[in-house]
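Shown next as structure tokens: one chain only, the form predicted on its own.
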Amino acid sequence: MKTRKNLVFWCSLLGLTLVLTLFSDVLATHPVNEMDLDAVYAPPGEGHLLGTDHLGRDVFSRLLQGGKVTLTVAGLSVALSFAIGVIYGGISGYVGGWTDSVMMRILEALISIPSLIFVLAFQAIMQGGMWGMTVIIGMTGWFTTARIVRSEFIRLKDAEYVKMAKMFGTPAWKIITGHLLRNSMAPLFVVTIYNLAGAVFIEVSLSFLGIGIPPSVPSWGNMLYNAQNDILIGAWWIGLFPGMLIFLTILSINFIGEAMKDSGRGRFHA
């Protein structure tokens, strides 16, 4: 009961964030790049709900639009990494033998290399941008998914219903999608939730370092990057609000993952 209440609370909090960012174009009180030079560094108030930045841009509007960019990049990159991980791990686990050995040695070699090196290498090639960041995070976030898919396929392919399906001549793709993958979704869902939190963190971190989303595109990471000097002159609101939303979003996603893992404990192997 407690796990279910926690899950409902954190899902509601995350859902509220998603709704606010999804409808950012409607809820924004000002154009995100509109500069009001008469209201530079205006504190939160009636004219600007969460204040303005060093160019007089409305923080509330940029916060919503920035969340839309950050969460879109995170969501699409996780979908990409999920697809790559399922295909790679599925082939390795289903085929087995020397194919599995070779693919796992390659995967272990990739895992041993710090992910930051991959990210910086792809960043140098793709030159950032919203879609570039999506591909970069997606191409470097599929390792855990592949390992889980492989282990689940190995565990399930010796089940009686799979053997019966093979005996009756069921095509391999139907066995993989209808039996193996479907019965692997519980642990895959949990790891995908965690990957989403990691993707948000990576996007924010790279943009905060100035090597992620271009500064001209509002994102939560870019807002923190631009707020570094503003905090020193007392404009605390510019960095506080995106920082709070980043913290609550990642916290919500992680707690949802924990709640899902606890609710499924004993029914699947994560």
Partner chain sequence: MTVKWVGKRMMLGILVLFIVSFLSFFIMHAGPGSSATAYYGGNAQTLTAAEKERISKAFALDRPMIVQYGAWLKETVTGNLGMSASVGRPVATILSERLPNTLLLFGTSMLFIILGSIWLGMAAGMKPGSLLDRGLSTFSIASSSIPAFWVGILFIYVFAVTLGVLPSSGTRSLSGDGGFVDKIKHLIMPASVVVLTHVGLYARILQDSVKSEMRSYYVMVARANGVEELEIRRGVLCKAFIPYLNYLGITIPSFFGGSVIVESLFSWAGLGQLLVKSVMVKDYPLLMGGIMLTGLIVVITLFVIDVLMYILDPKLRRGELSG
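Residue numbers count along the first chain shown, from 1. Since we're looking at a predicted model, the values are computed, not measured.
Below, we turn to the form predicted together with the partner chain, even though it does not appear here.
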- [ ] Sort through 60 to 68, 45 to 53, 230 to 238, 31 to 39 and report the only stretch with a non-hydrogen atom within 4.5 Å of the partner chain in the predicted complex.
- [x] 230 to 238
Task: Interface residue in the predicted complex among A172, V95, A121, A79, criterion: non-hydrogen atom within 4.5 angstroms of the partner chain - done: A121
Open item on the list: For a quick test of understanding: in the predicted complex, does each of E108, I113 and L116 have a heavy atom within 4.5 Å of the partner chain?
Closed with: yes
Open item on the list: Residue-level question: is L224 within 4.5 Å of the partner chain in the predicted complex, judged on heavy atoms?
Closed with: yes
TODO: Using a 4.5 Å heavy atom cut-off, state whether I250 contacts the partner chain in the predicted complex.
DONE: yes
Open item on the list: If we define contact as a non-hydrogen atom of the residue within 4.5 angstroms of the partner, is L209 a contact of the partner chain in the predicted complex?
Closed with: yes
Task: Contact flag, I213 vs the partner chain in the predicted complex, heavy atom cut 4.5 Å - done: no
